[in-house]
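Next come structure tokens for two forms of one protein chain, structure 1 first, structure 2 second.
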Structure 1
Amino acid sequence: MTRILLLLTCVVLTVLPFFAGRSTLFLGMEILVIVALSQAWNLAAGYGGLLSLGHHAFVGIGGYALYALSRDLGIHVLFAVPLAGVVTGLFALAVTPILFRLRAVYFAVGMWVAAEIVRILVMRADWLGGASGLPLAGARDLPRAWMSPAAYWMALAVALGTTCLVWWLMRSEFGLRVRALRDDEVAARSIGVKPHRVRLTVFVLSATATGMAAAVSFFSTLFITPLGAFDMGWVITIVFVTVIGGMGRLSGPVLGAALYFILRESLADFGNWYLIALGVAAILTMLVLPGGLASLMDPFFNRSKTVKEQP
């Protein structure tokens, strides 16, 4: 029954561009991007215990990689989007020797500082357009009518792909290692889990997915600036969505994104109040519902995703 529903949802989401108007499609793309970004962050923070407050570095790098790849190497934008994810993943791999020395709070804030460094460096890089940004060079080749459906479908692919990746990873033996490591590193080591390798895999996968989702988002805007690409607002949204939805739960980012967009759209006339509402909701979630909205659904699915076992 659940499967049929899921399949039906996927079909409806796929054919949506044939029925929906431009603004609906744009909102749909935004939602899917946020779902993908939150799934990616959740993979690192919720499952892997690598709580990062600097994922906006990966958002910015993914976006700029798309623009640089399509302009400088002449790669078609549709191919440049997945490649942008790969570039972001490689960047993540390159910074782990420094950042993986940090744990917990230091990792979280260290990532933030790293993101700030990347932002400042990009602002000072003339070949990336400096502080004023870049237009999307390869966009001329694309038929205009297909721009927003293409962005939407790519967002759908990334959101579904990231969700399936997390689902598949966590069902696999690797997922067991990830969870064992998050719950108790000493015990995990004793059963042969290699902490560094596991964390590295989770972190690089998370960065790759983040970069890809960001590339889709900046594909649709046709222009990129350092302030927009490396905006702390990305992390704020991702963190709130995941915390409210449920950290370390597959349905968390989806439920959180739903609440996020409901609040944002219904409070659209009241400036930043939706952010205040979200912040309060996130704090309340931490206080009274640490498993997030997803944990409210546990009673309906008796095979709960995070069973707490007694030692």
Structure 2
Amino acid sequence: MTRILLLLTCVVLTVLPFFAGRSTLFLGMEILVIVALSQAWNLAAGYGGLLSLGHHAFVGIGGYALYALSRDLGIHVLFAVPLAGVVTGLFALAVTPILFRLRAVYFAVGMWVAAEIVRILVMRADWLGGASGLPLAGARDLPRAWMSPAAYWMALAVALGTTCLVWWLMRSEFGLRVRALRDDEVAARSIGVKPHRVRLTVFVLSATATGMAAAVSFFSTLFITPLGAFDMGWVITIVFVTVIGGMGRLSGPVLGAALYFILRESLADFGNWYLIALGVAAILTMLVLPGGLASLMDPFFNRSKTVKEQP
């Protein structure tokens, strides 16, 4: 039954552009991008134990990679989106020799410093538009009427792809190594887990997914600036969604994103009051449900497992 519901949900989401208006598609794209970004951050922090406060570096790099690839190399935007993820992953691979020397809170701060350094470098790069930013030259690759549906479908593909990737990884032998390393590094080493290799894989995959999701987001805006691309608000939203939904749980980012957008849209007419509502919701959730909203499903899944195990 669960698989049927998931399949029907995917079908409905896929055909939505044929029935929904432009504003609905834009909101849907926003939700899917946040789900993808949160799943990517959850992979690194929730499963891999790599608490990052600098994932907005990957957001900015993914966005600028899309614009640079489509403008300088003439790559079609639909192909530039996954390539933007590859560029972001290569950047993550390049900075690991320095960042992986840090642990826990020092790694989190190190990531934030790296993000700020990249932001400053981009602001000083004239070929990237400097502080003024860049327009999306590849926007002409698609008819104007298809821009919103294309952005939505790409966001759906990235969100589903990232979620399926996390699901597959955590069900594999590699996922067992990731969890073992997160829970007890000494014990994990004793059974043959190679910490550097595991963390490197998780970190690069997380960065790649983040870069692709960011590329989709900035594809829809048709313009990018350093302040918008490397805004700390990206990380704040991602952390809120993941923590409220449930870190280290596949459904966590989905449930967290649902709560975030419900509060944001329902309180849109009250200015920044929705930020206060988000703060209150975060505090209450952490006090009442330390495992996040996803922990509410634990009794259901435990009961289902018990029924299946009965002869």
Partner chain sequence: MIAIDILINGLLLGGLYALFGLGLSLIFGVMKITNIAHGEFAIGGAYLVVTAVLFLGVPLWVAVPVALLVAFGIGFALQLVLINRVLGDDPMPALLTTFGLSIVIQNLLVEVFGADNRALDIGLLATSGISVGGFSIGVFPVIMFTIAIGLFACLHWMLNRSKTGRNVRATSDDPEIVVMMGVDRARVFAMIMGLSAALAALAGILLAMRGSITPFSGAERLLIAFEVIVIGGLGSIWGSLAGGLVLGLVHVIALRLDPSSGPLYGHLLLLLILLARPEGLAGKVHSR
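Please note that residue numbering is based on structure 1, beginning with 1 at the start of its sequence. For clarity, a rigid core is taken as the largest C-alpha set superposing within 1.5 Å between two forms. On a predicted model such as this, the values are computed, not experimentally measured, just so you know.
Engineer: Deciding between structure 1 and structure 2, tell me which is the form predicted alone.
Structural biologist: The chain shown as structure 2 is the form predicted alone.
Engineer: For residue 271, give the CA shift between structures 1 and 2 in Å, the superposition being done on the rigid core.
Structural biologist: Reported C-alpha shift between structures 1 and 2: 2.5 Å at residue 271.
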